[in-house]
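Just the one chain here, laid out as structure tokens, in the form predicted on its own.
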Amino acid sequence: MVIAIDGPAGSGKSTIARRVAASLGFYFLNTGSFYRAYTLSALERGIDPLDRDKVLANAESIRITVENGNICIDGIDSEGKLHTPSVDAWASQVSSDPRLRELVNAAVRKLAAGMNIVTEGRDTTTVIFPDADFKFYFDASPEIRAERRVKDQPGADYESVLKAIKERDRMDMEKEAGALKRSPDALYIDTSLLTIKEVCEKVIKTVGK
């Protein structure tokens, strides 16, 4: 079974997907982590993240695996480096290359074959798993999402975070490939005024487990 969740950054996708997966005994698959891993690898090797050909060549030369729930690059656990400011700044641009998206899509579909998974991203319900058994679209106002991000990053400036989130939304929605869209058959959930527990309960109730 595939439970797919889409939505903008900060809407609670990752946290809720992880908890739902744990509750159901499913595997949590974060498609966005693959793009972050390719971005991280390019940056660590001194590759310009805007040089699509070099980023793609590098992506094809490395091996991305999931070990104990963590993303590994060539066998090295890199999970802790995937959400640094530098990766945050470039991941969206890197993931906009249609060739890289095909590389990631093939990888995650292969990983998901024959498994019960909960997965989340930007185009998970529309492109990667259009035939998912259950689809959800999480949303929240930019202001609420900025507040959440500031709580997770002590010392962060609210106005700067809010501006960055709005810019990220714009880029995600205007991508030439893998743009953030709401699948017509996805259940829409506004998480702005809901607790993590309440959203998890909605998802699990819908799945019927």
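Note that residue numbering follows the sequence shown and begins at 1. What you see is a predicted model; the values in this text were computed from it and never measured.
Here the subject shifts to the form predicted in complex with a small molecule, a form of this protein not shown in this document.
Among residues of the shown chain, residue 73 is not one whose heavy atoms approach the small molecule to within 4.5 Å in the predicted complex. In the predicted complex, no heavy atom of residue 81 sits within 4.5 Å of the small molecule. In the predicted complex, residue 35 approaches the small molecule with a heavy atom inside 4.5 Å. Though the partner is left out of this view, residue 148 does not reach within 4.5 Å of the small molecule in the predicted complex, counting heavy atoms only. Picking from 150-158, 137-145, 35-43, 53-61 the stretch near the small molecule in the predicted complex, with a 4.5 Å limit on heavy atoms, gives 35-43.
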